[in-house]
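Taking the form predicted on its own, here's one chain by itself in structure tokens.
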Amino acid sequence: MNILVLPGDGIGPEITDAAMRVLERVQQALALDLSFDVREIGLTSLQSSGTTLPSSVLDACRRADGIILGPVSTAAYPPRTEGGINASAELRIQLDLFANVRPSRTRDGLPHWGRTPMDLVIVRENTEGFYADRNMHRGSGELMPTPDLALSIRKISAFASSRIAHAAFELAAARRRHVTAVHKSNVLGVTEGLFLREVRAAAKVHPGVAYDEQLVDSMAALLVRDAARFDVIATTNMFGDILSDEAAELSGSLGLAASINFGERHCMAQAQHGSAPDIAGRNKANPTSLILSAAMLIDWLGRRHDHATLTAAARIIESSVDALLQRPSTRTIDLGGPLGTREFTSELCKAIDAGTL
């Protein structure tokens, strides 16, 4: 299996290096067949080749079995016409990574901020919605007819709604068999109505999975008050983006939030947080989010290729992370512990060794 690694900007190189160290350690322990190809993107690539996402890298992504994408500093990029391409969005579009899967769960011994524990997954449609860079065949989904009038187009299609709904139900069937659709149909009756039509149709195809619906504003409140009631949450692009950050923070920290983007043929691991340029190069970044995202990637590859050792490797990484997070002495600085990026990664590698002996 060839894994293409794109370190990105800010803390990206540090945490992608950590993820690679962990995958290399579990590969040694379980004799996995993983190879890594590191390519430059982002601000480094902009300086050397005039673009933040060279076409050669995009071609390599299409050939790779899986991709690990580090955070990118898109706010610092020039306009697209001057080479500033958002790799995160572009790869989702070009590789048709329609599903963004973001789990959030509380962990034994680690403080969380909600009123109840949680173990849920937000399944977010990834290719349309209010995202202006991906909802038009040509041009942007944002318009400015006059200097004092700005418009944004929201695209919701039956095709995209149906496939994200089925992805959510298939995931729920392997978990606690409960899907909640999150919407705002009381205000956006046409677009949300179309989304709900397709999710309800998928529910009929999966009668063994319980189904209910929540307005997005009530869901935001319920994640604080009673997150334990939810299993798999299916929603549109922007609602999923916002709710998954809320759920991640309530479960303990955004720094622990894993995420994959997948389609029919490709899967990309990506930390849920940003590039944090203020702490870049200072050995302060928590690499857990990207490490757990990499574990989700190899689990996806294991299930796709019926490779039980890959799925076992993913479980070992996750359980080893849990073991470290239980103890304050083996947590990173942002979680009140003493460890920097490199030290936490070293401790995690030791835990993996212990778990595979």
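Since the structure is predicted, the reported quantities are computational estimates derived from the model, not experimental observations. Sequential numbering from 1, following the sequence displayed.
The form predicted in complex with nicotinamide-adenine-dinucleotide (NAD) is left out here; the points below concern that form.
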Residue within 4.5 Å of nicotinamide-adenine-dinucleotide (NAD) in the predicted bound form by heavy atom, from P277, G83, G141, P117, is P277
Checking H183, H273, R134, H266 against nicotinamide-adenine-dinucleotide (NAD) in the predicted bound form, the residue with a non-hydrogen atom inside 4.5 angstroms turns out to be H273
Look at the stretches 291-299, 66-74, 322-330, 45-53 and give the one with heavy atoms within 4.5 Å of nicotinamide-adenine-dinucleotide (NAD) in the predicted bound form. 66-74
Using 4.5 Å between non-hydrogen atoms, is E24 touching nicotinamide-adenine-dinucleotide (NAD) in the predicted bound form? no
Using a 4.5 angstroms cut-off on non-hydrogen atoms, would N286 count as touching nicotinamide-adenine-dinucleotide (NAD) in the predicted bound form? yes
Counting only non-hydrogen atoms and a 4.5 angstroms cut-off, does E343 reach nicotinamide-adenine-dinucleotide (NAD) in the predicted bound form? no
S88 versus nicotinamide-adenine-dinucleotide (NAD), in the predicted bound form: is there a non-hydrogen atom within 4.5 Å? yes
Since the partner is left out here, which residues of 240-256 would have a heavy atom within 4.5 Å of nicotinamide-adenine-dinucleotide (NAD) in the predicted bound form? L254, G255
